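Encoded as structure tokens, the following chain is the form predicted on its own, with no partner shown.
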Amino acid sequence: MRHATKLADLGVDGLEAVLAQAIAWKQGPHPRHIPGKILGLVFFNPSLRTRASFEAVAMRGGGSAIVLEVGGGVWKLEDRIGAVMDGDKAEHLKEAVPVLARYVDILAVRTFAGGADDAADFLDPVINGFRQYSTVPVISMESAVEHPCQGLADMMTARETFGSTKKLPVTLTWAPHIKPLPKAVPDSFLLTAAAAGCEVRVAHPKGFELHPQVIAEAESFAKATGGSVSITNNLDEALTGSRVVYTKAWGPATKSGLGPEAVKQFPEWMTSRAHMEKAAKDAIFMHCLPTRRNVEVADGVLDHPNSKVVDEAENRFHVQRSLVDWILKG
């Protein structure tokens, strides 16, 4: 049984297979590749593109979807082992997950990081609880650590634009925000770009480091694919000659000593046209969305012809139907 809750579940070979099929399928009519199959979509946190794109995968593929919003018409779910359940969580994953697995063919789960403790978040308790208790494949629609479907869509967009991602210089840059955000999207962009053979530059102010094990995993992927990973606090250095500029806000490392208000302290890191002009002439701009205009990214970047954010969002559908196919044929 194949799961897809992290890039390591696919590996480089799985990544290449999913991307190749997604790109090929985008060129033709939508295949009804999952007739009669049911996707169970479990949301602990809100969504727009993720929910709509997975429901579209089910309907266009000839299947159907059951959408459950935890705490909104569905019992709040407990994930802690040995918990004394005397609070507002009425059901444990140990019962809820195997029951759901008897109704559907795939379970997809969206659950954000808590943000208070990077080490605790890195254990990814909810998504790993679903993996442990489910008798059907589990897909991450974003977890505390990774957002693999977003990473796949990012790399598909880069390949559509440039043809190949081997040795492609790409920059993942931190951006300011009104509040700390999870690190799953930057983690997945870093991991997937490294596994696709890119030369990845990660730029952020001091105190916003990504988890060291994520960086080590990305370096391992890069070593296997001929890519590279470099990390800097100098944004100009990271942007110079880059052909993909990927902007994402995320919160400070929890042991950095920085408080939550630190995300507002570096307005000069908002991606502007001046930043894009430091990159290569054919550089594209990418962001997972949603984004706060003129906080994370300037209007002039989002509205520029080289902005690929809408194409990138469309590609969520294409990589996810390919990923579902990869899982079921496994």
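Don't overthink the numbering: it's just position in the shown sequence, from 1. Since the structure is predicted, the reported quantities are computational estimates derived from the model, not experimental observations.
The following text describes the form predicted in complex with phosphoric acid mono(formamide)ester (CP), which does not appear among the structures shown.
Interface residue among L48, I66, M59, A274, judged by heavy atoms within 4.5 Å of phosphoric acid mono(formamide)ester (CP) in the model of the complex: L48. Interface residue among T192, T171, Q150, S143 relative to phosphoric acid mono(formamide)ester (CP) in the model of the complex, by the heavy atom within 4.5 Å criterion: Q150. Interface residue remark: R321 is not counted as part of the site for phosphoric acid mono(formamide)ester (CP) in the model of the complex, having no heavy atom within 4.5 Å. Using a 4.5 Å cutoff between non-hydrogen atoms, R316 counts as a contact of phosphoric acid mono(formamide)ester (CP) in the model of the complex. At a distance threshold of 4.5 angstroms between non-hydrogen atoms, C288 is in contact with phosphoric acid mono(formamide)ester (CP) in the model of the complex. Mapping the unseen interface onto this chain, R110 counts among the residues with a heavy atom inside 4.5 Å of phosphoric acid mono(formamide)ester (CP) in the model of the complex.
Only one of 265-273, 23-31, 40-48, 301-309 lies within 4.5 Å of phosphoric acid mono(formamide)ester (CP) in the model of the complex by heavy atoms, and it is 40-48.
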